[in-house]
Every structure is written in structure tokens, then in C-alpha cells.
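One chain comes next, on its own, written out as C-alpha cells in the form predicted on its own.
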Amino acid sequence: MPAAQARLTFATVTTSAEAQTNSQLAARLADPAFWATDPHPHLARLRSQAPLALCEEPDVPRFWAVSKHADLLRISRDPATFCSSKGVLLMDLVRDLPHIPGALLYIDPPDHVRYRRLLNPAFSTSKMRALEANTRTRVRALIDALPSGEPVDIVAKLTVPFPLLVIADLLGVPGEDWPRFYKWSDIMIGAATEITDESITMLGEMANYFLEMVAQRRIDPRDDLVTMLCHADVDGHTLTDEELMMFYGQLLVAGNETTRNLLSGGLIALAEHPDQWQLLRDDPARIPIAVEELLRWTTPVISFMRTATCDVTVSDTQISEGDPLLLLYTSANRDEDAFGPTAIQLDVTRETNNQVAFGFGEHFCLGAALARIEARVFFEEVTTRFSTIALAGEPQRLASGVIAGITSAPLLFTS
């Protein structure tokens, strides 16, 4: 065999072997159980070895895994080329995607812009700041109720009820209903992986709850989000009951899941890094910067998907029209090219922080301002109240490729 032909054959074999390895690396991302372990060594390997890895494994949907910060930003800022309407979850690749009016995650411009314009006034900076005093009252009451001098599961006692009580205040529904919201919210997250008879029943229960609220607010309007939406005018039309249910459900999930897991994961991180905890106790003015770092570190939303609307090149890789791309926010937030050599370290004093925990572009999180206020108030209160925190057991993590959930986390606080 001529030398040139031999070299060509070897190169082809090597490329094929690398592609197979990269495909297997990407396929692991589709297993919810993978995300209940520490994903970061695996994600670091993807960033280094295959920043855009094509999954072509049996019994796994075909998709590209996007692990680099720059690629994620490029895709997110171009909804015309990379759309959301073909699906945002891996399970969308193996089911008939229903048309759901008002499902913001699945809507592209210009319809997405129209719906966001409707919701933006409810999340204005002034309205969010007006919630701060009551938000502080809520978290203080929960801290006061914590048992003293013994391990406590901060998920059950603190980080679950707190954001649910805040979103109840925003919506204008009774705070004592938060356990129901918790159940519905977790059911909706579970349905992102698998729809069951139980999830269908629970979602119907949630819809009936809000339909009753809507009926009340239409005859007895109040200064709350339920009232604002059910009386809203969209291009000369009021929202349908189906659109309203979708909005309320999304606000319920987005209004607590991201914040809950930021707070849970943030407390765990600070317990594991007592030097970082002490920095915040010594100088509470650092807390707003620390919130950005904890958002980067925890990245409560793991991933969402986009679909290429045409043939396009991303970082010298050819993507075909119709190809799905899984945007790995968790990986992007540890990208050394974006955050430097300390990307794998927790640094609550990090000044330059282009974290993407709230997404980027058209689908940037609507409630980001509220989540930041909740987190700032929360960490101000816990660092003031307690001198130390420590893990009192192994945190348990949710098996989900969508939400970086903490299901339990026993901590010991010292006053």
C-alpha cells in the first residue's frame, strides 16, 4: 500500500474512533441518573476533547452537545438560526410536540417578544424591589423556626418553602398553599423527563386551582399577577384560559425551582468552602457579587435545546438543518476560556462573571431580578444569623438533565 494511502486510511480510522468516543461521551448526558452524580469531570473532558459532540448512539436521540461558553452564547443570540419551537428538552425528540399557546420556552420571535412584552411590567425593577421587605420577613420567619444545635435538612425547612412563599405573594395566592405548589412544581419538572398518569392528574389539579383564582379575579380584581394576566390585552385579545394556565404554571416552576436550587446548592458550596463563607460574614457587601458566583457554581438549569433552521457552521463544525443542539449551561459556567484558570474554583469575590445560569438572549430568565433579590436577602440573613455552617450528611441530588435539583441536604448551623 502506498505511504500516502496508508496515512489516509489511518487518519480515517482515527477520526472514526474519536467520533465514536465523543458520541459515547455525549450519550451519557441523556441519562438522568448521570446528573445525580458529579458531572463536572465529564463535562471538562467534553470541553477539551469535543466541544461540539455528536451523539449517534442506539436508543438515544441524535443531538449535538454544546459544552463551550462562546458556542452557547452564539447559538442563544440567534433564534432565527437556532429555534426553540422544535423542542427544548431531549424528550421532545421522541414525542409528538403539542402546540401549547403561551409556552414561553417553546416560542420563537416575534410571538415570544409579544408575550414577553405582556409579562415584563410585572417583573420591572421597581416591582421587584417592592417585594424585598416582605421577602426578608419570609426568610427570617423560616430561619427563626430552624431547630437549634442539631442537623437540619435545609431543603425541607428552608429552601423549598422560601421561594414558594415569595412566588405566592407575587401571584396573589394564599401563602399557606405553598405545599401544593411544591407538589405541582416537582411534578412539572418530572414531566420534563417522563409524563405519567400521576403527572397528568396533578397538572389537572393545578389548572383547576388557577382557573378558580381567575374566575374570582375577573369579578374581584386585585393588585397581583393573577389579576394582571387575566385582564391583560394582547393585540386586542384577552388571554385564553389555556394561555393563562400555561403562564401560571411556568411562573410557578421558574419562580421557585431555580431559586430553590441556587439557595440549596449555594449553602452546600459554602459549607464545603468555609473560607468563602467567612469572606461573606466579614464583609456582607460582597454578597451581590457572591450571588453571581453561586449562580455560576450551582447553575440550577442544566440544559435546554435548540434546533438548527438551516445548514450552519459553529466553531468549524458543520451543523445540518434540523439538527438539535443541547446547550449545556452547567458546562459553559465552568469553561476555562470564559472564566480563566480559576473556573473550577469557587470564588465569591470574582468580579468578572459572565455566568449563563439565567440563559442568554431571547430566553433570558424573566424572573432573574427577583431571583437575585431573593438570593441576596437569603444570604444576608443566614450569614448574619449563623457563625458557621457544616455538612451533616451527604446531599442527595435529583436525577434530571434539566434541573440541578437538591432533594435533601443536612446541615449544622452554629449561632
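Remember, predicted model here, so these are calculated numbers, not experimental data. Numbering starts at 1 and follows the sequence shown.
What follows is about the form predicted in complex with a small molecule, which we do not show.
Engineer: Counting only heavy atoms and a 4.5 Å cut-off, does the small molecule in the predicted complex sit next to every one of 62, 328 and 404?
Structural biologist: No, because 62, 328 and 404 lack any heavy atom that approaches the small molecule to within 4.5 Å in the predicted complex.
Engineer: With the small molecule left out here, work out from 98-106, 207-215, 177-185, 150-158 which stretch has heavy atoms within 4.5 Å of it in the predicted complex.
Structural biologist: This holds for exactly one stretch, 98-106.
Engineer: Between 118, 91, 287, 301, only one gets a heavy atom within 4.5 angstroms of the small molecule in the predicted complex; which residue is that?
Structural biologist: Exactly one residue meets the criterion: 301.
Engineer: Report the residue, out of 362, 57, 347, 380, that has at least one non-hydrogen atom within 4.5 angstroms of the small molecule in the predicted complex.
Structural biologist: Residue within 4.5 Å of the partner: 362.
Engineer: Considering only heavy atoms, tell me if residue 367 and the small molecule come within 4.5 Å of each other in the predicted complex.
Structural biologist: Within the cut-off, so yes.
Engineer: Should residue 264 be counted as a contact of the small molecule in the predicted complex, where contact means heavy atoms within 4.5 Å?
Structural biologist: No, residue 264 sits far enough from the small molecule in the predicted complex that none of its heavy atoms falls within 4.5 Å.
Engineer: Is residue 35 close enough to touch the small molecule in the predicted complex, meaning at least one heavy atom pair within 4.5 Å?
Structural biologist: Output for residue 35 is no: heavy atoms all beyond 4.5 Å of the small molecule.
Engineer: Does any heavy atom of residue 371 come within 4.5 Å of a heavy atom of the small molecule in the predicted complex?
Structural biologist: Residue 371 belongs to the contact set for the small molecule.
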